[in-house]
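Given next are two forms of a protein chain, the same chain in both, each as structure tokens and marked structure 1 or structure 2.
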Structure 1
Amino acid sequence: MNKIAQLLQNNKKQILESWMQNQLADASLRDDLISNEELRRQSDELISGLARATSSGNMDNIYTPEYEPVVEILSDISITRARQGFSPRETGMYVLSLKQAISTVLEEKYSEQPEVLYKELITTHKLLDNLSMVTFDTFIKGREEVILRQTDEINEISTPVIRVWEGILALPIIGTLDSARTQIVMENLLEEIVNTGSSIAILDISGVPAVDSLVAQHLIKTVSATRLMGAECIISGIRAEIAQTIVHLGIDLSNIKTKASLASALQLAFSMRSVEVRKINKNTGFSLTR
């Protein structure tokens, strides 16, 4: 059995105490986010796992089966910490302060044998550095999951389909239109067309910051899908600069009904549905005849 594994097993208590002290002394310890008992339980588990893993003699490759439990524990810790709102520094310090604890114990034990001490210190540091990289990796992964979930939520919220009139739907698009978003827009729109039996959909792009050939392609796809269902699609909210880029890029929208404003699109939709909106008397106000 090698020295580190031995040390971890025999001096586990001492290491754990010293590690806990290091952690508690650290000003950045978030005792508002994690309780002392919880911290001690996690730390205890990690040292035990590390002792088992190192007893195999493998000290540098942590992507082997014997390190799996250790990596597992660390990944879990950093993912939960990412969700709890710890900073990556705080999570990284967790492992790095263990390095300090082990080093202190090593120093005490091998103060008479500087050569051994030096060798063991290097090995320990290398191992723990690798392990702290794992925490960073998984920390970022955990954050990415959060971001992905939020993106999904934003996509869901930001594509409302509005029933503006009997048989007429409007869908204001706000923000960039990428392929994932187009999918959701299309699904929502087509679903709503079926539900309401609407035959006209107005896609308003006033809130889309820029239209490049990819966005245009997405728009064309949405229009085509709407037509396949048996409904007509009008694109409104085409600003001057968007019209300019569309022509400069050579995008062909001639098969698609386009309007500058939502109001004129609505007017077109009304005339397609043979609905007329007109002013009558001042007193009677507003009336619609079919």
Structure 2
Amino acid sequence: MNKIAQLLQNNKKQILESWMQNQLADASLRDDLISNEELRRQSDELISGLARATSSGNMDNIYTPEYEPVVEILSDISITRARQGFSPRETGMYVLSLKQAISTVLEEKYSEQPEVLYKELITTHKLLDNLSMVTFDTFIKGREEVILRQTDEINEISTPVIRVWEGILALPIIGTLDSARTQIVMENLLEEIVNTGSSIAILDISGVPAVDSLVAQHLIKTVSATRLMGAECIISGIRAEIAQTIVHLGIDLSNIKTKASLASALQLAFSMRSVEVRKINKNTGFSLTR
């Protein structure tokens, strides 16, 4: 058994206490996200797993069967912390503070054997640096999962299909319209057309900052899909600069009904549905009749 494995097994309690002190002394420790008891449990579990892995004599390659439990422990901790809102630095310091704790015990044990101390410190630092890279890689993957999930949730929220009147749907689009979001828009709109039996859908692009050829193609695809469902589509929110861009790009929207504002599009939809908007008086507002 090598010296590091012996150290981890024979001095586990001392290393754990030193490691806990290092972590608790860190001003950036998020005790609002993890309790001291949970932190101690995770730390104890990792030291035990590391002691078993190093007892094999392998101190260089962490991608071997004996290190699988250690990598799994670190991966679980990193994923959990990414989801809880820890920063990359806070997660990385978890392993790096263990390096400091083991180094302190090594210095005490081999203070009179500088050559042995140097060799063991180099070996320990290399091992823990490799493990810290696993922590960073897994944390980044966990954070990416969180971002992708939040993006999907935001896209769902930012593409609401509103039933403004019997047979009339409106879908206000805010932000950039890319391929992924176009797919969500089409799915939500087509699903609502089926559910409500609506015959008119209004796509309002007042909140789209710019329209290029790609965005225009996405809109045309959405209109085509809507027509295949037996509904007519009106595009509203065509501002002057958007109209100029569409003309400049040579995009043909002549077979699509377009309006400058949502109000104008709604008025057109009412006329297509044979619904009359009639003003009664300024106190009682408007009346809609067929």
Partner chain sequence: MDRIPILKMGPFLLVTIQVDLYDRLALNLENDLISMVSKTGARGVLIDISAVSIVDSFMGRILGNIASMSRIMDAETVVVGMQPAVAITLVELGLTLQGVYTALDVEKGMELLRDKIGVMNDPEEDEEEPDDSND
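C-alpha atoms forming the largest set that superposes within 1.5 Å between two forms make up the rigid core. Keep in mind that what you see is a predicted model, and the values were worked out from it rather than measured. The first residue in the sequence of structure 1 is number 1, and each one after it adds one.
Q: Just one of these is the form predicted together with its partner chain; is it 1 or 2?
A: Note: form predicted together with its partner chain is structure 1; the other is not.
Q: Once the core is superposed between structure 1 and structure 2, does I15 show a C-alpha displacement of at least 2 Å?
A: It does not, since the I15 C-alpha is displaced less than 2 Å between structure 1 and structure 2 after the core fit.
Q: Taking the rigid core as the superposition reference, indicate whether the CA of A82 shifts 2 angstroms or more between structure 1 and structure 2.
A: Yes, A82 moves 2 Å or more.
Q: If I superpose the two forms on their rigid core, does the C-alpha of T138 end up displaced by 2 Å or more between structure 1 and structure 2?
A: Yes, because once the rigid core is superposed, the C-alpha of T138 moves 2 Å or more between structure 1 and structure 2.
Q: Keeping the rigid core fixed, what distance in angstrom separates the two C-alpha positions of E166 between structure 1 and structure 2?
A: Here E166 registers a C-alpha shift of 2.4 Å.
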